[in-house]
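In the block that follows, a single chain appears as structure tokens, in the form predicted alone.
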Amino acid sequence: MPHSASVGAPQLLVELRGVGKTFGGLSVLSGIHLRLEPGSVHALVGENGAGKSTLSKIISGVYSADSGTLLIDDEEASFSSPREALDRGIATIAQELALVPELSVAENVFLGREPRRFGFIGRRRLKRDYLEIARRTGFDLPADAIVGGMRTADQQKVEIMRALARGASLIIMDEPTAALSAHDTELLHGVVRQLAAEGHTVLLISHFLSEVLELADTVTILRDGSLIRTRAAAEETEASLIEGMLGRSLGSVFPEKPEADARGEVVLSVRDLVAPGVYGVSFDVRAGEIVGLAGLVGAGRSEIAHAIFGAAPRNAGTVAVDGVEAPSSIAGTLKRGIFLLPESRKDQGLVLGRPIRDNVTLSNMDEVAIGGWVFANAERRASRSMLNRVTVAGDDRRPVSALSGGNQQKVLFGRALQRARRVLIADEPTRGVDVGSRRAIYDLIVEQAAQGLGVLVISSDVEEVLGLAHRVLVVRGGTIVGEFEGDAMTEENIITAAFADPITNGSV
């Protein structure tokens, strides 16, 4: 049943009838019928490439449908821009945040709708209006803080407040919790429930099926541009959603872990590491072992990874591979056999304007080029070999930006496998990745451990850490506050360590 809406709340009924969309002769949506009831949370699920984003962009005015009809309150509508859709009460919080980094939180929240007096922005009114929005959501962000210096989770909150400030009746949320900690995610869930209770409609696009089942009143499954079914979320399970999305059952979410020898060879040794955001971190990773780094967003997990990899300066301490100290530079750590799959594949990993082929061979150019000249045949063979291994099909001359999130992540794995490695660091390896690609990425991680690599997995998803790792280190405030393995490796222990006073469970 939909959430009960409060009296006087904004109401907007959005319906699609027989909607289709084609790009370059390829049908990406076909005959979609969808009804978004006011005062409800309607989830849209499917693999990357299923048509979810295209469908949401038709509703929000980014695209126009090639066939079928969009109706707003039972009247036919057609938007030529997102601005027109916003004027009708439809706002989108996209996965790629659209903020002005140089402006403050309050200025971004009311961007284009600032209170003005005699042509100037009314600063007192702006701050007063902002504080009301912040109170309503429970987001504790300073009004004057500059957005560009904020962590991703806080920037996400700014986007949500901006949609509310614009009086949106239908809010499309595309992977809204992908960059949020468990605490921030729960806070956002409360905001979503409150929005629906006030009469707003929320169209939720999420790869987190547990989130979908927890929040949604109704779930629509898309597969290959077609609508598979729409029904009450209470009638679905994670297994039924996966089967609908894939057209088959997925089996176990996580592959079986390879056995790790607790007395095996130490391939990565970190001692008393001090770097920006890192304070005296020490730990080992053994050959064939998968170690998880858990903790809240902003706890310092990525900072530890960057310091190990040489992407951030080391102020003190050592990083050694197979007993030999690794230089504090990316070139040096690559030579020692360390490879990092960064948290943001688009900002830190891929060259989006370049072909898939170039992105695969980027860290192995001395094998396919001499003196700045690239041997096309050698590059093509090297690229195709790796792409076959990580199951990315199609023409590798396409821009990597044309791939789904899951396939982009596989391209980074292909680059990692170009050379023999000793240590693989995977930072948020399945963020923004659909459930089918997620299992393929898990298989790649486990395969590397089985071949004797030491693997360090960083994830905000505690279930993911528990499903992959032999041992979990909990990070808070740039240091390790807990270590768990065996029966002690539970979600409760990890979350308690992440939030509570520093604890130690076993030697670190």
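Being a predicted model, the structure only gives us computed values, none of them experimental. All residue numbers are counted from 1 along the displayed sequence. Between two forms, the rigid core is the largest collection of C-alphas that superpose within 1.5 Å.
Form predicted in complex with a small molecule: not shown, discussed below.
*Which one, 482, 61, 49, 39, lies within 4.5 Å of the small molecule in the predicted complex by heavy atoms?*
Comparing distances to the small molecule in the predicted complex, the residue within 4.5 Å is 49.
*asked:* Within 4.5 Å, heavy atoms only, which of 175, 428, 154, 303 is in contact with the small molecule in the predicted complex?
replied: So the residue touching the small molecule in the predicted complex, by this definition, is 175.
*For residue 207, is any heavy atom within 4.5 Å of the small molecule in the predicted complex, or not?*
Yes, contact at 4.5 Å.
*Would residue 147 count as touching the small molecule in the predicted complex under a 4.5 Å heavy atom rule?*
Residue 147: no, not in contact with the small molecule in the predicted complex.
*Does any heavy atom of residue 54 come within 4.5 Å of a heavy atom of the small molecule in the predicted complex?*
Yes, residue 54 lies within 4.5 Å of the small molecule in the predicted complex.
*Heavy atoms within 4.5 Å of the small molecule in the predicted complex: does residue 416 have any?*
Answer no; every heavy atom of residue 416 is more than 4.5 Å from the small molecule in the predicted complex.
*Candidate stretches 83-91, 403-411, 324-332, 100-108, one within 4.5 Å of the small molecule in the predicted complex by heavy atom*: Single hit among the candidates: 403-411.
*asked:* If I superpose the two forms on their rigid core, does the C-alpha of residue 230 end up displaced by 2 Å or more between this form and the one not shown?
replied: Where the cores coincide, residue 230 shows only a C-alpha shift between this form and the one not shown that is less than 2 Å.
*Taking the rigid core as the superposition reference, indicate whether the CA of residue 392 shifts 2 angstroms or more between this form and the one not shown.*
After core superposition, the C-alpha of residue 392 moves 2 Å or more between this form and the one not shown.
*Answer yes if the CA of residue 168 moves 2 Å or more between this form and the one not shown after aligning the rigid core, and no otherwise.*
Residue 168: C-alpha displaced by less than 2 Å between this form and the one not shown.
*With a C-alpha distance change of 3 Å or more, do residue 406 and residue 204 lie closer or farther in the predicted complex?*
Distance between the C-alphas of residue 406 and residue 204: shorter in the predicted complex, by 3 Å or more.
*Classify the change in Cα distance between residue 404 and residue 55 in the predicted complex as closer or farther, relative to the shown form (magnitude of 3 Å or more).*
It is closer: the C-alpha separation of residue 404 and residue 55 falls by at least 3 Å in the predicted complex.
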